[in-house]
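Just one chain follows, in the form predicted on its own, and it is written as structure tokens.
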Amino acid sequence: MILPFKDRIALVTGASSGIGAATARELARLGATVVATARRRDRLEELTAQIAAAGGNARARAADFTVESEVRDVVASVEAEFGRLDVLVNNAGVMYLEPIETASMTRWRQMFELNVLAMMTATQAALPGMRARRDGHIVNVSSTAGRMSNPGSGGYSATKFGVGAFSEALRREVHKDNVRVSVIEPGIVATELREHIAHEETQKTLNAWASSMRQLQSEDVARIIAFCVGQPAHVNINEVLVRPTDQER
């Protein structure tokens, strides 16, 4: 079997479930050594055991990505153990949907810390090594909410529009160093993300809408990430917008 990512080192954030876990499995299946990070150590250890049982190579790194020092420590630990970091998948995030007038500023701050600032911090920590080696790929997971904003999604959309803006500025700063940047914008995905919604009516409405369609699966998004990363060095897929066939908006 040809392993296109053999000898590549990948760090996947938010890997304890959903898109992050599926991406870790997919990159490992294709030969990468994957470092999976998230807060839930038990989930990470279960994931890495699954990967090992399938013949892959993975490590677990438990960390809280709302804490800057922990983000930097994870990146540094990967580079210390393996000598480099080739692929960074910034997937960690939460989705707090609620009306703007009554929204919890505590939840919004946490969402910005994780969805935006953690991504920025991990990227900043990974860049020196990638630029020095003239090789690297940063994948930032956004959302269709980073393209359009709907009632109840003001705070969440603000974070995801931020992911897109940051990623384009990043791409323009590092393309001459042969560092690639990709933004993945999924529509409705069947993950636990909707469980984070504290506003009962918003959660109920979104779940009903999601149930009306054939939702994307985490593995669908993981394959798209692997496709972007697997392109030749002269090809940079900057942005992928992917929705379920049944999703209108």
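Counting begins at 1, following the sequence as shown. Computed from a prediction, not measured in an experiment: that's the story for all the values here.
There is another form of the same protein, the form predicted in complex with a small molecule; it is not shown, and what comes next is about it.
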query: Candidate site Leu11, Val75 and Ser167: all three near the small molecule in the predicted complex by heavy atom within 4.5 Å; finding: no
query: Contact residue in the predicted complex, chosen from Leu30, Ile224, Val189, Ala58 - any heavy atom within 4.5 Å of the small molecule; finding: Val189
query: Of Val174, Leu117, Val94, Ala158, the one that lies within 4.5 Å of the small molecule in the predicted complex (heavy atoms); finding: Val94
query: Touches the small molecule in the predicted complex: Ile197 (any heavy atom, 4.5 Å); finding: no
query: Contact label in the predicted complex: Leu85 to the small molecule, heavy atom within 4.5 Å; finding: no
query: 4.5 Å heavy atom contact, Ser17 to the small molecule in the predicted complex; finding: yes
query: Exercise: Ala36 in contact with the small molecule in the predicted complex, heavy atom 4.5 Å; finding: no
query: Contact stretch among 100 to 108, 138 to 146, 122 to 130, 75 to 83 - heavy atom within 4.5 Å of the small molecule in the predicted complex; finding: 138 to 146
